[in-house]
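Just one chain follows, in the form predicted alone, and it is written as structure tokens.
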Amino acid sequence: MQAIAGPFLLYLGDKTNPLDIKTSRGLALFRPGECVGELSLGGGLSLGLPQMDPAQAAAAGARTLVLGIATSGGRLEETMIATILAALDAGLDVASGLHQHLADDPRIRERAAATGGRLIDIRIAAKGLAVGNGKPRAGNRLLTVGTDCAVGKMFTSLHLTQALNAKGMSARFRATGQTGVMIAGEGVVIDSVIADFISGAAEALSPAREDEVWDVIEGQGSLFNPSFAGVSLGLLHGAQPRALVLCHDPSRPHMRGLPHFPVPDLKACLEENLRCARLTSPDVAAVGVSINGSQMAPDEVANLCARIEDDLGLPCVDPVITGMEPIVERIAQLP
């Protein structure tokens, strides 16, 4: 993957669902010093950054327009094209985490060639990946898993990495999604990997190590989501985790985009993830639950965490509201 040059202009478009601007939001939260402005269209969401067009952003020091949104099918939308061309004309690079690559559109390809601007696609499979082999390997690895997709696995992984380091337990974030890769500057976008190589990609992302450093691996999808269970299982086997953290959005009435599929029971979901992980990591342990309480009042979060702790016998946190300390303490107690 080409390095993305900061500072960034974050493209939000006309999106009204907060989940659709997850990439831009992640950069604004975890690389705030490199986000000089946002570009939203009429009626769209805002991250509270200065509103800028590409020329204004370039004048303010931006070097890259980041298309930090999700679109239907991961395709470039026609409303994006004029902004991308204007960014190239302003001397900016353009970075995208969409499935459709920027150069697939001839207008973008030709304008980039004329201006010398770089087109950086995050969703490009790493070369030279091998299939997973499941051989036991040394090291401390933690994988975040979820009751559904987009429930906070990346946010939990990033906050947990920060909390472990603050506690003096060295940790590094291992990104497996386009947002995480943009934040970390490295990683493997696992949904760009051919299915046979998913577990091998996870093995390559978190190789054996003999020190005490924790590799905190960003999970994807959910074993209980029929659309994305395959990538979840591949990560479970390839990560060979010593520990799991279950992530959950309590405000969700059903699996995202699948109203005919209910959100699974937390205990059943955790037990299934542990069962599947034991294929390559027989001694794997659950160390906590992380909820996304952004749609709840603080006292509701506290009450829900207490109930989950009683039900599962594990610490339950909201990374933003309560912090990660209880889970860090549980990790420190692992044999």
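Just so you know, these numbers come straight off a predicted model, no measurement behind them. One rule holds for the numbers: they count along the sequence shown, beginning at 1.
Although not depicted, the form predicted together with a further copy of the same chain is the subject of the following passage.
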Taking a heavy atom within 4.5 Å as contact, would all three of 125, 132 and 237 count as contacting a further copy of the same chain in the model of the complex?
yes
a further copy of the same chain isn't shown here, but in the model of the complex, which of 156-164, 198-206, 113-121, 241-249 has heavy atoms within 4.5 Å of it?
198-206
Can you pick the one in 223, 169, 184, 76 that has a heavy atom within 4.5 Å of a further copy of the same chain in the model of the complex?
223
Since exactly one of 258, 138, 103, 82 fits, which has a heavy atom within 4.5 Å of a further copy of the same chain in the model of the complex?
258
At the 4.5 Å heavy atom threshold, is residue 267 in contact with a further copy of the same chain in the model of the complex?
no
How about residue 191: is it within 4.5 Å of a further copy of the same chain in the model of the complex, going by heavy atoms?
yes
Evaluate residue 280 for contact with a further copy of the same chain in the model of the complex, applying a 4.5 angstroms cut-off between non-hydrogen atoms, and reply yes or no.
yes
Is residue 95 close enough to touch a further copy of the same chain in the model of the complex, meaning at least one heavy atom pair within 4.5 Å?
no
Are there residues in 86-108 with a heavy atom within 4.5 Å of a further copy of the same chain in the model of the complex, and which are they, in order?
99
